[in-house]
Ligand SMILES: Nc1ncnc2c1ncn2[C@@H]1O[C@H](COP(=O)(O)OP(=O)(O)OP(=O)(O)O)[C@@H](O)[C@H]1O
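Take a look at this single chain in structure tokens; it is the form predicted alone.
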Amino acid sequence: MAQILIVDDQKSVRATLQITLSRAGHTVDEASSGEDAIQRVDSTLYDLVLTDLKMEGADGLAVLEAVKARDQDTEVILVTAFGTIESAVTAIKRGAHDYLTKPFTPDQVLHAVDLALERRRLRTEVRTLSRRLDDPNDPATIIGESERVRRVLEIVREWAQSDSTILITGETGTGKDLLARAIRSMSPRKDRSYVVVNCATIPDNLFESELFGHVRGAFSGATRNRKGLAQEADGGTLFLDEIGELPLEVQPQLLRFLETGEIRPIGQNRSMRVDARVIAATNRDLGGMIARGEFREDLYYRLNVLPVELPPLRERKDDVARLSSHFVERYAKRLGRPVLEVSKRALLVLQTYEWPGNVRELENVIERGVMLAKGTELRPEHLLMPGRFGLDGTAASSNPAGSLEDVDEISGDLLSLPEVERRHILAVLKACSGNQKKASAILQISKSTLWRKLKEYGIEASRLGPPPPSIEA
């Protein structure tokens, strides 16, 4: 529910409005003058201000201007017994949401308040959507049919229906943010705000202000009221990514929010309720951090109500083929490339690699490969990964996944070790255009050893290089 300020110099009007709005579930403050109201909006973040237009001293328009100077998102409804077209137009032009004329009924007030709060909610939702416009992973879709992934999805489908806090753990690149969006999309809050807080990117000294907001004058540089990201998520979902990076000094405030559902902006004397479902994620060992005094144990238990662990890609190799096809389709369309599918040889490379960077690394490899490919098929030579030769023909680190990725053909027959070696050497030489120095570096053998093997297998490296330049008469 909302935090509302009533401004009127008539006590009976304030009392009527206070009863009406409190019964609707809102938290209500009262101000008996425009000056009192202006002081209050300096020290408290309100969702809506309902103010009389004609008052001694600072009138309703002065209150409106003060409210909008502090916080553009605060909605204002003006009330007067002297309604005129001119004053209504003036009020709307200056940012008022609505204009009521006395006398009014409780239903009229509640209807106007509901519309104003809905407009405020929609404005927040637009901001949320604008952050997601360029998100390649939206809408939230988890790709995979392996047993581990199916089990995770079964769990979160059930847990998504509750408001309990979920803690997602897993290695970097496993898709924790994507799973958080999936949980939100399966929850009753799917049409409400979804606010992402990356705890690793916010400076420690600004974290409390970013998360919980502040009022004007709370600290040096606080020139206007500002809602925190927790309040932006009111009614929706708050995703705390990289929660292991949360500064130790801010952890008590987050713990209080999780326990009470209340926040207190910096410089504000009273708390306000925020109804947000919290999902947190981390790739860090929070247990180890607790032992080192870097993370509060009580906060960990409040976050870890419903724990979910995402498996690394090396433990769900069955999903590599489908993920690869998904990324090929995405980046071929986005980059305007002709690639339609992954070749069998390329798929063998992808399925034998260990993927230390998990799904994010696979996505990057496919995107790069789609850019390098000229035809409709993604081939092994388009896959630039550690242990494989790059565009300059030099080797990266060793790749324990195997060395069959660059053979010319793979048949269903079992091959002898010398035949496997011959085909691999031939494929590397072709990729290096017959350059034996580059090939020996990739194969991690000396040039003399390569020369002996070429002689042994009857391979003429010179025939694999580029044709000699033509001589014009």
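The term rigid core refers to the most C-alpha atoms you can superpose between the two forms while keeping them within 1.5 Å. If you're wondering where the values come from, they're calculated on a predicted model, not measured in any experiment. From 1 onward, residues are counted along the sequence shown.
From this point on, the text means the form predicted together with the ligand, which you will not see here.
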Would you check whether the ligand, in the predicted complex, lies within 4.5 angstroms of a non-hydrogen atom from each of 244, 301 and 305? no
For the interface check, one of 373-381, 326-334, 344-352, 257-265 should have non-hydrogen atoms within 4.5 Å of the ligand in the predicted complex; which one? 326-334
With the cut-off set at 4.5 Å between non-hydrogen atoms, does residue 274 touch the ligand in the predicted complex? no
I'd like to know if residue 175 sits close to the ligand in the predicted complex, meaning any non-hydrogen atom pair within 4.5 angstroms. yes
If you check in the predicted complex, is residue 10 within 4.5 Å of the ligand, heavy atoms only? no
Against the ligand in the predicted complex, would residue 359 count as a contact residue? Criterion: heavy atoms within 4.5 Å. yes
Contacting member of 110, 142, 222, 92, with respect to the ligand in the predicted complex [4.5 Å, heavy atom]: 142
Would you mind picking the one in 146, 87, 283, 251 that has a heavy atom within 4.5 Å of the ligand in the predicted complex? 283
Core-aligned, is the CA shift for residue 33 between this form and the one not shown 2 angstroms or more? no
Please determine whether the C-alpha atom of residue 440 is displaced by 2 Å or more between this form and the one not shown following superposition on the rigid core. yes
